[in-house]
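Next up is one chain by itself, shown in structure tokens, the form predicted alone.
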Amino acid sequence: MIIQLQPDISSKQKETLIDKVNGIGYKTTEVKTQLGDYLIGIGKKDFDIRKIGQLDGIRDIHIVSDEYKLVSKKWKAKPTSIDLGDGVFIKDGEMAIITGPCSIESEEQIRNVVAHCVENGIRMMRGGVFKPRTSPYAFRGMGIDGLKLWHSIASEAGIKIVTEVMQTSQIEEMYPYVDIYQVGARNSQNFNLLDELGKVDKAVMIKRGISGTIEELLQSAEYVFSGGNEKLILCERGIRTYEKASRNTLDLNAIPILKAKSHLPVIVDPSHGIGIRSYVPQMALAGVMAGADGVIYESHEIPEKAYSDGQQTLDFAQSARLANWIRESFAMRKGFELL
């Protein structure tokens, strides 16, 4: 069960509540986030919820049968809205567009991509400064100095930054320069990292694991939420299957399923999902029509010269067309929803 506590609950009221919940055979865990205080009760014994709900200090109480509690739509039916400031949101009813290179490479590249975003009304830029690479000899990013440079250029243009954090030691030094911490597919079950991200007051986007299930993605989000951070975004980026014709298999089924199971916004990543440049626009639009709240895709002035993932990266002309198509498809989807 999830018990949402009143902001002014007294210590005595909380103690009485915990004793009562423990008394029916449920283990209790207190969770304090930026937006509220909760008591999570875990157990299987049936009981009359009114026995708990009538106690002083309770704002709301829900029975949630899912293994993941706080990210479940069975508790919070209203979709979560992520406010990044300056009028930039990721939320149900709007279409977020995030683009940029796989890797942040140079000041010139940053300026070119920022200008591309501004020209096309895109308010969020993706890019990696710490890059997990299969080969230890591949370019692994510009590090914190690259992030500081990127932030100084992007913030001046009103562009929000989405970038990957790879380990707990990077969280604090990245904090002043990032708007969304991205947890990559390889780290989606790095529970130490997820625990620490639960302690920060910045948005976190969790990508589905390379072979991860929908349930595992939701459980990863539960780690961050239970640690204290409600500013969460789910990302479907494709999973590894036996198919070799594409880099991954973009699981479009996951988008409506995640939207049905969770109140968190869902982003689709067609670049990693298929890994083939010429098919990225089709998969992006398919994700929009499947119900995604946003699209994150890779773009570069000259993809053939990109330090990484050039084969799945759009050039600026292709990116501009896709951004328009995404908006048109979203408008069409909204029209369907009104029928």
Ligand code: PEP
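Don't overthink the numbering: it's just position in the shown sequence, from 1. In this text, all values refer to a predicted model and were calculated from it rather than measured experimentally.
The next section is about a form of this same protein that is not shown, the form predicted in complex with this ligand.
Colleague: Gly212 versus this ligand, in the model of the complex: is there a non-hydrogen atom within 4.5 Å?
Modeller: Taking the distances in the model of the complex, the answer for Gly212 is no, it never comes within 4.5 Å of this ligand.
Colleague: Although this ligand is absent from this view, report whether Gly184 comes within 4.5 Å of it in the model of the complex, heavy atoms only.
Modeller: So Gly184 counts as contacting this ligand.
Colleague: Contact between Val113 and this ligand in the model of the complex at 4.5 Å, heavy atoms?
Modeller: No.
Colleague: Find out whether any non-hydrogen atom of Arg140 is located within 4.5 angstroms of this ligand in the model of the complex, and reply yes or no.
Modeller: No - in the model of the complex, heavy atoms of Arg140 and this ligand never come within 4.5 Å of each other.
Colleague: Spell it out for me: taking this ligand in the model of the complex, does every residue among Lys259, Asp293 and Arg333 have a heavy atom no farther than 4.5 Å from it?
Modeller: No, none of Lys259, Asp293 and Arg333 comes within 4.5 Å of this ligand in the model of the complex.
Colleague: Within 4.5 Å, heavy atoms only, one stretch in 83-91, 167-175, 250-258, 184-192 touches this ligand in the model of the complex. Which?
Modeller: Of the options given, it is 184-192.
Colleague: Could you tell me which one of Lys131, Arg123, His151, His263 places a heavy atom within 4.5 Å of this ligand in the model of the complex?
Modeller: Result of the distance check: Lys131.
Colleague: Residue by residue through 279-306, which ones have a non-hydrogen atom no more than 4.5 angstroms from this ligand in the model of the complex?
Modeller: If the 4.5 Å heavy-atom criterion is applied to this ligand in the model of the complex, 279-306 yields only Glu298.
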